[in-house]
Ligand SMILES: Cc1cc2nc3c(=O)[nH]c(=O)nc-3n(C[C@H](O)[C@H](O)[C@H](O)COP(=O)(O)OP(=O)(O)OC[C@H]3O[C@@H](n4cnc5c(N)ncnc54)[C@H](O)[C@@H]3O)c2cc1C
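Read the single chain below, which is given as structure tokens and is the form predicted alone.
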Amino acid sequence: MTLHIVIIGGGASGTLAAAHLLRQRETPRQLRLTLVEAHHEIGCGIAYSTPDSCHILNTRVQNMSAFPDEPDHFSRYLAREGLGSGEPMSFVSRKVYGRYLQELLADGSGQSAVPRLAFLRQECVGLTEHAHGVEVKLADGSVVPCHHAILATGYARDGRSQTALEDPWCPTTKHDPDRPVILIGTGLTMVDMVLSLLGRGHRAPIYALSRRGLLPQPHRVTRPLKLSAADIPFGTSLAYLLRWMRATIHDHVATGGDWRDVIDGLRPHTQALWRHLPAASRARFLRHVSSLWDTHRHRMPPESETRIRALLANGQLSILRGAFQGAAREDGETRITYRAAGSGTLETLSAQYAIDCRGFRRLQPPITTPLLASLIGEGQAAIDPLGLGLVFDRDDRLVDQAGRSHARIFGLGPLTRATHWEITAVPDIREQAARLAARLLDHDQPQAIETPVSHRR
């Protein structure tokens, strides 16, 4: 019997899930996959749908293969397609990586009566789990029955968006290169937006605001420090863990190493560290440490650093420290209000428009995404107490509001951030996709799926 798996979300997470399932399928078992994506091109999502070649991956080519057991897969693709040398230590554009993801599935849909891979340009609005399968409910009223469903929708968005702020990936305001622009946030999205503005010939000042005014650290050539689980103080308090990390970095730098070596050496262990942190320590980490961690863990390419430093030196780019309070659009310009760091005074700043570059935000009601609103409203899913996403167990099964794990509904990628923390970058998502594919393909022989009569079409 054919095993049918529906993947909800056609961005990087959903594409990697499909690629690993197709790659690991066992013969003679038949496998059928359906990708449901309403808003973006399959393979691109928000992260890789940018048309700007100046938006560079913040991870080197050698770490961006879709398959962890085939580390040169992406570099060979680049060389074959004439998209660069494929040099492992180089950086390429996110646009190019989006093309790579799309082509992972290019030969996945065959011409048989039951194609291995199908795409549905629809929005999923609900899921219902039964003993032998899942009903995937679509916006047009139709229902797709399957054996397993994978939630791979990327970052969950809530209903607290500032209407006066521009979406960094869907700008609506006409650009005037001789009027200032404000960017809310100073992370990697801010870097991308600055480079986009320069590409559009922007000449006026650019102001970037964040609470601490921290910029992403630049990449350098590193040699990740070899750390075993025995070296790391799992299960300790956040204070003890930070003391250990500082001491480890201090000792490594004293012998001629780079702090990046320690951070990169921790990468295979960060998810386990997060799982072992007590709940109170997780909350303190988010309040006091997460922004510092992100700027050191998620770095910008050297090419981007050079351009950002030049703009800071000539005064076109200014970094402001303060807590964003709100924004209002009036008379063709946007005025933001922020509480300045240090003095605590309330300040205002006006520009032709302001862009929201804060990246990930906490998931809090009201939930505007129909699927998530449905799952939460029906008690099938719960929001993590820290607002990082939905609750999943260690096997990536969705957990309901009674604390029970679903047998047939799974999560992948940033939506599982509450469980894994570091699950937003391809090197982490591909590992998760490989594990999940192996788990689903090793499942018991699939049973016939019974769709309720009222849903048959």
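Just so you know, these numbers come straight off a predicted model, no measurement behind them. Position 1 is the first residue in the sequence shown; the rest follow in order.
There is another form of the same protein, the form predicted in complex with the named molecule; it is not shown, and what comes next is about it.
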Completion exercise
Testing 401-409, 420-428, 66-74, 386-394 against the named molecule in the model of the complex with a 4.5 Å heavy atom criterion leaves exactly one stretch, namely 420-428
Problem - Non-hydrogen atom contact residue 335 with the named molecule in the model of the complex at 4.5 angstroms - result: no
Exercise for the section: Answer yes if any heavy atom of residue 40 is within 4.5 Å of a heavy atom of the named molecule in the model of the complex; otherwise answer no. Expected result: yes
Problem - Partner proximity in the model of the complex: residue 46 to the named molecule, non-hydrogen atom cutoff 4.5 Å - result: yes
Exercise for the section: Give a yes/no on whether residue 12 approaches the named molecule to within 4.5 Å in the model of the complex, heavy atoms considered. Expected result: yes
Exercise for the section: Identify whether the named molecule in the model of the complex is within 4.5 Å of every residue in the set 187, 216 and 323, based on non-hydrogen atoms. Expected result: no
Exercise for the section: Select from the listed residues 371, 134, 317, 209 the one whose heavy atoms reach within 4.5 Å of the named molecule in the model of the complex. Expected result: 371
Handout entry: 129, 294, 123, 264 - the one with a heavy atom within 4.5 Å of the named molecule in the model of the complex
Key = 123
Fill in the blank from the handout: Contact check, 49-69 vs the named molecule in the model of the complex, heavy atom within 4.5 Å, ordered by sequence, gives 57, 58, 59, 64
